[in-house]
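Form predicted on its own, single chain, as structure tokens, below.
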Amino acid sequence: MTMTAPLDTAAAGTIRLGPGPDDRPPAHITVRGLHKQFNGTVIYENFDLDIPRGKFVSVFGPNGCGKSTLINLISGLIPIDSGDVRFDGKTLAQTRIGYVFQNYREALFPWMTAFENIVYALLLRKVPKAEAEEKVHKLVAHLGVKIDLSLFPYMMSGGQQQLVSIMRALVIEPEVLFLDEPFSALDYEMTLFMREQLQRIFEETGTTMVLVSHDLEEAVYLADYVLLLTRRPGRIASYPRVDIPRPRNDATLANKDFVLLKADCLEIFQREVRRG
């Protein structure tokens, strides 16, 4: 894997960022030799990445470094120029993928109600209608969501629409869940609620999750590993483990290890910003 070594206390004057690559669990997603360019601009070149099975990985880096592009390439939303992506050795077509888009307005079908949008993900997979509707009801009850799912998207707030998008991705019980800044449309109260719900779902299901975030505190708070990217062409600046017990809560934000790790990640981020 192309990456820098974890920071060393003596060398960097700070804590170690975390265990090195040999300390990570077996990979669920393997990316090898990834290459992608747009209009002559190289975004990724000979890029390698392992995403551990059953872990929560946050992707963070400077604006324009290719965070969203990376998960779009891995999930098949954007074709790669060259390289190979495998899920447990399987192809994308053989893998059940969930994806939550940042742009909720374009993600939902405006002619369907919220409930119909969610159940559609199951009907598309040939789940019988009655069974599909029951799965949606169970998910809504499990999350404790209090919104009217008979409404059409245009009748709902932005936060409610994004919440529907998240439920649609979860209802298929994905092997891997990709989330592209999923809370950016939510107000602060709803963001805190959905962070806790996402953390609870992760702990209960063990689903491999990959989150793109523009909020460093959020990235570290939710993750088992933080994938810190450089400016283009994208490389791995560091890939530290967040060795802080779950479930995490408000007290986590004041945890000494959390504060130090966030500071180290910020230092790497700022280094990359200055490099630009």
Partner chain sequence: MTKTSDRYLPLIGVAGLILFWYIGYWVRIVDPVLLPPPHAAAKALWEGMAGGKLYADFAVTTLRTFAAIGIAAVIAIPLGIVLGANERLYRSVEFIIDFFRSTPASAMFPLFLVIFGVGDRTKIFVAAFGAALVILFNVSYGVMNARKTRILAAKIMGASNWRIMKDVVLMESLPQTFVGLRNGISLALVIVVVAEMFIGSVNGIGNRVFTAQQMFEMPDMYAAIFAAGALGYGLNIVFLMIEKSFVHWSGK
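Positions refer to the first chain, counted from 1. The structure displayed is predicted, hence computed values, not measured ones.
Beyond the structure shown, there is the form predicted in complex with the partner chain, which is absent from this document and is the topic of what follows.
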*Hey, in the predicted bound form, does residue 105 get a heavy atom within 4.5 angstroms of the partner chain?*
yes
*With a 4.5 Å heavy atom cut-off, would you call residue 76 a contact of the partner chain in the predicted bound form?*
yes
*Answer yes if any heavy atom of residue 93 is within 4.5 Å of a heavy atom of the partner chain in the predicted bound form; otherwise answer no.*
no
_My question is simply whether residue 141 lines the interface with the partner chain in the predicted bound form - judged by any non-hydrogen atom within 4.5 Å._
no
*Candidate from 194, 166, 121, 136 lying within 4.5 Å of the partner chain in the predicted bound form - any heavy atom*: 121
*For the chain shown here without its partner, which stretch in 142 to 150, 197 to 205, 179 to 187, 68 to 76 has non-hydrogen atoms within 4.5 angstroms of the partner chain in the predicted bound form?*
68 to 76
